[in-house]
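The data below hold one chain only, encoded as structure tokens and taken in the form predicted on its own.
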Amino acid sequence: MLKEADAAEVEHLGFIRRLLASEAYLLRDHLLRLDGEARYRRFAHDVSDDFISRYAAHAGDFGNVTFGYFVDGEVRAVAELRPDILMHRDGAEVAFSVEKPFVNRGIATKLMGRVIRTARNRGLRHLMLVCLPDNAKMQAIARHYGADLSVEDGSVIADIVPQEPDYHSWFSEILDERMTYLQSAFDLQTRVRRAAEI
């Protein structure tokens, strides 16, 4: 288990990449490590371990894209892009979760940047972030990216409008996609080596 003091030491080793479909268990393990408050903020209600396991198993359905912040082969923070494919709209919902030792380090802001770039390249015109009224951190991140905030049914709704894609956004994503598979292989080796040492 990563301690608070250790998080500061390994922060510089973290990087962001997309989770592959075969890595749903990494999302599950990350969500299971969240404490009760973080789970409530992520799902807007209390959830069980069983709920999280079922949720993670289907996180890649319907064109959803999940980005993870990796440290030493493990996911420590996540941003999920969930396009509104069923309603045939040009929007998507965005959701975040960060493990306690990694909060207040700018990780969610970086994850949001990656999500926005992906949304741009997929032609999505609206990113909706729903959070609790007391979640000032997520509201600040949304404002950082130019979101319009409103209150509906006791929740804060942030609407972010991505720019049109350009050469830089396309090229950056292509490069990141190529690195994703290489980094995934390294991460797997790290986890296997660590398991063998236990």
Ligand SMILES: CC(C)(COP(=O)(O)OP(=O)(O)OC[C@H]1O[C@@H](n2cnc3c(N)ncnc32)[C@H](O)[C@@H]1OP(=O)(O)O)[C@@H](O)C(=O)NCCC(=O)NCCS
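Nothing here was measured: the structure is a model prediction, and the numbers come from that model. Don't overthink the numbering: it's just position in the shown sequence, from 1.
Not on display, but discussed next: the form predicted in complex with this ligand.
Contact check for 19, 66 and 117: none of the three has a heavy atom within 4.5 Å of this ligand in the predicted complex. In the predicted complex, this ligand sits within 4.5 Å of a heavy atom of residue 41.
Taking the partner from elsewhere, residue 130 is found to have a heavy atom lying within 4.5 Å of this ligand in the predicted complex.
When contacts are judged by a 4.5 Å heavy atom cut-off, residue 121 does not count as touching this ligand in the predicted complex. In the predicted complex, residue 82 stays away from this ligand, with no heavy atom inside 4.5 Å. Interface residue among 57, 136, 157, 161 relative to this ligand in the predicted complex, by the heavy atom within 4.5 Å criterion: 136.
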